[in-house]
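What follows is one chain in structure tokens, specifically the form predicted alone.
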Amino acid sequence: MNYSDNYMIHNCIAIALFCGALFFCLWLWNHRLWGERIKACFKKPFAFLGLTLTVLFFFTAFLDSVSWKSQSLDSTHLKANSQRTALDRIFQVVSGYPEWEYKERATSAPLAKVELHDKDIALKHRHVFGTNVSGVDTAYAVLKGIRPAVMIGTFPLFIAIPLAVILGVLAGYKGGIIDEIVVYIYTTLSSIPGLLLLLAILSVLPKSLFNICMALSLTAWIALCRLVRAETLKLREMEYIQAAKCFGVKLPKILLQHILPNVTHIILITAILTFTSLVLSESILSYLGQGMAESWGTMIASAKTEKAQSPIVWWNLTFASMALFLLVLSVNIVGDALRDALDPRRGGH
């Protein structure tokens, strides 16, 4: 296969992140303290269903992140030799046609045989979810919207979680001027409406995935920082922490061995819940014209004009909203199950 350098980097990053996430999940699943409680929680049917849907969404996003060029000998189709993702190729296998051919000239209803606004024009294919105004298969558009949603929900956490943990632990443990500065920063940011702040930032910066992630990460750390700081304030007064200080244990060792392990459950649970809020925030931004082109929010925004047509084009709005609802719901179910398993104040079963 002939890889371009750019896509080689993208593929390596996607594979590394997927392997890292898989390793972390296996480590958590087999953890000597949490493993049995997590397994018990996910044996419940509702929690198992949420976990299954979450894995499917993330695996689909991974398939849409790995791409390569075909070695097609058909020179009449330039797209056959273009960069296409694994998801595109699986869609071709399932539908029997490549994605650029599995489309119509205009809108068509689910499982229709003719175009919506011109009954004399027969469709080339049968589309289970119908097509949008550009004739693109709605099922394909919904699948392509999974990757932006997962990336927007995940990448800001790589910035927000380390920042929140470092500032929260230092502010809670050290107190004094450090605590005052941290509290002042997140109180100031919290006083600004989050959506207006995001719109202001994205109206100045060029529209790109990196800039959207940076804008979202600017406020994503606040809730976790507050929780970590509050928990650290409580932990630093515990007897075993005071004993460690009396025995001359150095600060980095106290933070890493005594404070951080006791706030890990808060970090994991809050990160999962923050993921859902980031996905919803991106959908709102896309609805307002500041999001990514292939996202579900953009599909929902495009459906605004379709609702005023006669007959009403309901399927693009319905299936995009349903996919967004299922992703947020499944991740929230996983977060609730992990909270029951990891929070020491809960029963775990």
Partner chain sequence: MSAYIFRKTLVTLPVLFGTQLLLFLIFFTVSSPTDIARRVKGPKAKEEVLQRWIAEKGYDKPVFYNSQATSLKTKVQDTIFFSYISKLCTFSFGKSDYDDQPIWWKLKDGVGPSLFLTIPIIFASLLISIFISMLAAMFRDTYIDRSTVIFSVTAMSVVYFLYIVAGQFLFSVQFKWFPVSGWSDEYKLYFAALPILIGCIANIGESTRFYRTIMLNEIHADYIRTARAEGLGDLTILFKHLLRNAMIPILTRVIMLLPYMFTGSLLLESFFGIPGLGRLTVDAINFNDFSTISAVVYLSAILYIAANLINDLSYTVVDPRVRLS
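Numbering follows the first chain given and starts at 1. Quick caveat: nothing in here was measured; it's all calculated off a predicted structure.
Beyond the structure shown, there is the form predicted together with its partner chain, which is absent from this document and is the topic of what follows.
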Inset, instruction - Could you tell me which one of 94, 111, 204, 177 places a heavy atom within 4.5 Å of its partner chain in the model of the complex? - result: 204
Inset, instruction - Could you tell me which one of 184, 247, 210, 240 places a heavy atom within 4.5 Å of its partner chain in the model of the complex? - result: 184
Inset, instruction - Would you confirm whether the three residues 226, 287 and 339 all fall within 4.5 Å of its partner chain in the model of the complex, going by non-hydrogen atoms? - result: yes
Legend entry - Listed range touching its partner chain, judged in the model of the complex by heavy atoms within 4.5 Å, from 147-155, 127-135, 196-204, 231-239: 196-204
Legend entry - 4.5 Å heavy atom contact, residue 324 to its partner chain in the model of the complex: yes
Inset, instruction - Please check if residue 280 has a heavy atom lying within 4.5 Å of any heavy atom of its partner chain in the model of the complex. - result: yes
Inset, instruction - Using a 4.5 Å heavy atom cut-off, state whether residue 329 contacts its partner chain in the model of the complex. - result: yes
Inset, instruction - Using the partner position in the model of the complex, report whether residue 46 sits within 4.5 Å of its partner chain, counting heavy atoms only. - result: yes
Legend entry - Contact set, 178-194 vs its partner chain in the model of the complex - heavy atom within 4.5 angstroms: 184, 187, 188, 189, 190, 191, 192, 193
